[in-house]
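First comes one chain, alone, set out as structure tokens in the form predicted alone.
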Amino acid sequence: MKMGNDILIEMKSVKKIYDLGNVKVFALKNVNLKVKKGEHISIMGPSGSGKTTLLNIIGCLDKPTEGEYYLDGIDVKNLNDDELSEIRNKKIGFVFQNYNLIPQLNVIENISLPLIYRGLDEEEIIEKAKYYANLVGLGDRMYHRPTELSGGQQQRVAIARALVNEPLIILGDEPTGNLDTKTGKEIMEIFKKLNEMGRTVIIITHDSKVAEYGQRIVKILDGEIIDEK
């Protein structure tokens, strides 16, 4: 299938069905979505609307039951687990609500983890990790552990870790959900800056103020996209 060079993500009639014995749950129903390279979009919906399922498919953590999903021209549905893992590592950076940092490791070590999996040499790993620590404003916290950081600082570590492999896409799953309003705004300004630097940013949120940072807001309800603007 040929896609326009500027289309990074294309979903066509995507369904996700969970088979729970006698019951089938339609988490996504006929989702059609295109995202261009360099876009910043917000996906909004209440709890249970299907937005996390959608994020999991976009992020190659899951595959559609039916329909087509192309990421950077690649047909995701036909990939095996190892190929999906490679795409996640190279093309996608994840930022979660709960930070998912390793408490025993300091800032630099947490940021370095994706690079260690790629087998880079130690000097290059440290150099890259320091660069991204500085980029998100943690230059003076590089050797602190997560327990010595505020929630906002921990989320900055998570963002730096998501960036260190220089992925095409940054996916945020309620990235401000555990933060106060002021800190949440600071984190969204970082995402805005990253988008201005050329990253494609997709944020899942139920917060309209967070959604407003997106150039486009996609609303999802009961597994269907009901509005785009």
Partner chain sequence: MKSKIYYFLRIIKIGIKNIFLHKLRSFLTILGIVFGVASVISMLAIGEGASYEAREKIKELGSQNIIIRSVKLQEARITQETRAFVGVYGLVEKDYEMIRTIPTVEFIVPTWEMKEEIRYGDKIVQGRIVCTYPEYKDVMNLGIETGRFFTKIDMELFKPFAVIGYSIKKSLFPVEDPIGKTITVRSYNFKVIGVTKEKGLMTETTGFTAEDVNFDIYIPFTTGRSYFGEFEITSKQGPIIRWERNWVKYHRFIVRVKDMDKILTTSAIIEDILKTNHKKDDYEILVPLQLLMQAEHTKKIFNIVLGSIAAISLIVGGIGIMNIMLATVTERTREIGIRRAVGAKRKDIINQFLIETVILSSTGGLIGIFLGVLIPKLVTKFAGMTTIITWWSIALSFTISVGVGITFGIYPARKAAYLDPIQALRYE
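Residue numbers count along the first chain shown, from 1. Remember, predicted model here, so these are calculated numbers, not experimental data.
The next section is about a form of this same protein that is not shown, the form predicted in complex with its partner chain.
- The stretch in contact with its partner chain in the model of the complex, judged by heavy atoms within 4.5 Å, is 113-121, chosen from 69-77, 136-144, 149-157, 113-121.
- Its partner chain in the model of the complex comes within 4.5 Å of a heavy atom belonging to residue 56.
- Its partner chain is not drawn, but in the model of the complex it has no heavy atom within 4.5 Å of residue 131.
- When contacts are judged by a 4.5 Å heavy atom cut-off, residue 51 does not count as touching its partner chain in the model of the complex.
- Though the partner is left out of this view, residue 62 does reach within 4.5 Å of its partner chain in the model of the complex, counting heavy atoms only.
- With contact defined as any non-hydrogen atom lying within 4.5 angstroms of its partner chain in the model of the complex, the contacting residues in 78-109 are 81, 82, 85, 86, 88, 89, 94, 96, 98, 100, 101, 102, 104, 105, 109, given in sequence order.
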